[in-house]
Structures are given as structure tokens and as C-alpha cells.
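So this first bit is one chain, no partners, the form predicted alone, shown in C-alpha cells.
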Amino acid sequence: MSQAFTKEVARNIFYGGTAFFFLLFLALTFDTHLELPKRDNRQVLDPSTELGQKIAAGKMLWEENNCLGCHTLLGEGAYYAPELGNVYVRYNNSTMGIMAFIKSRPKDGIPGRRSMPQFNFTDEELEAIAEFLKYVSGIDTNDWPPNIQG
């Protein structure tokens, strides 16, 4: 067997591979930072507008009520309840449909089934959550979730 694979050759392969993959990592990071602004819908989220304030209020309600404890949003969260990244599309592009569903939840849930609790939101809070979910549905997620049901 040839003795061509020496410590020096191994070291050069290691350093060369490390440099190559580090440069590849930097290139992919740079590409990601160029692509992300094209996918987000931040132009909608201007905090100086009334719509931007509603979306921010909806996000706060989302966090305060721990919706992520049951639902997923853009693939993150618990898998107990449906994905809500496309709920606006499921309700025929209607914030009124989302608001009506949340408002219609029974007080004590549905016996024998897991179900969403009744949070007793005000109409303004319901509208804020619906606007937040509408905003989230506008983010380009490369067709995630894979089906309309979430």
C-alpha cells in the first residue's frame, strides 16, 4: 500500500475543506439575506398606520393567549391544532370568517373532543387577530403549509 496519504496531505485536505465550506456558508448566508426581503410583506406592517397597529395588537394577543401552545404558525409551534399560516385563505380571504369562527367557540368546549376555548375577545381584539392572520398569510413561504387544511 502506498504511503501517499501522509499527515501533511490530511492536514491540507482538512484546511481546504474547511475553507471551502466556510466560503459556501458565507455565500448561502448572503443569498438568504438578499432573498428574504422579496418574500416578506413588510410594506403592510407600517406601525404608523391604523392597519399596522391592528396587526401589532393581533400579534400581542396571539402571544398573550399562547396560541402557539396549540397551533403552528409558519411551521413553528405545537401540532395540537391546525396550522394558521393559511387560515385567511381557508376562510375565503375573509377576516369576517376568522372572527366568526373564534367568536362561535362554545363556552365549555365540545364534550369528548379537543376544541379551542372561548377567549371572549372584544370585536376590536377579534379584528386585530384576524388582521394579524391575514398579514401572516401574505408571507411567501414556498407553499407552506403543503395543503389548504394546514
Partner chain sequence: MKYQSQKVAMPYFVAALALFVVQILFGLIIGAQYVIGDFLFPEIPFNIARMVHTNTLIVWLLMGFMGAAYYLIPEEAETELHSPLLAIVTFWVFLVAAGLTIAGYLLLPYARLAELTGNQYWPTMGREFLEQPTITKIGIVVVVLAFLYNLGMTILKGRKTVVGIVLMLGLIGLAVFFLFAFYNPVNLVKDKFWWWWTVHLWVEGVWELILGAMLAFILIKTTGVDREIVEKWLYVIIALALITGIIGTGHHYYWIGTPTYWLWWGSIFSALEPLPFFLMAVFAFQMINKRRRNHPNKVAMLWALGCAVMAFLGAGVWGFMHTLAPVNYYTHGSQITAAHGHLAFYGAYVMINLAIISYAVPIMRGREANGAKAQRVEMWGFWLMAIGMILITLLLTAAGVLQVYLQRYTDAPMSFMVVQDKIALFYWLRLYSGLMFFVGLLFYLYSFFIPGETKASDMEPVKRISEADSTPATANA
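We call the rigid core whatever largest set of C-alpha positions still superposes within 1.5 Å between the two forms. The model shown is predicted, which means the values in this text are computed figures rather than measured ones. Numbering follows the first chain given and starts at 1.
One more form of this protein should be noted, the form predicted together with the partner chain, which is absent from this view; the next part is about it.
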Note which of Ser104, Asn120, Asn66, Asn93 lies within 4.5 Å of the partner chain in the predicted complex, where distance is taken over heavy atoms; exactly one does.
Asn66
Is there a non-hydrogen atom of Thr49 within 4.5 angstroms of a non-hydrogen atom of the partner chain in the predicted complex?
no
Heavy atom of Ala100 within 4.5 Å of the partner chain in the predicted complex
no
Ala130 versus the partner chain, in the predicted complex: is there a non-hydrogen atom within 4.5 Å?
no
Val89, heavy atom within 4.5 angstroms of the partner chain in the predicted complex
no
Pull the contact list for 77-110: residues with a heavy atom within 4.5 Å of the partner chain in the predicted complex, in sequence order.
Gly77, Ala78, Tyr79, Tyr80, Ala81, Pro82, Lys107, Asp108, Gly109, Ile110
Flag for Gly17, CA shift 2 Å or larger between the shown form and the other one after aligning core
yes
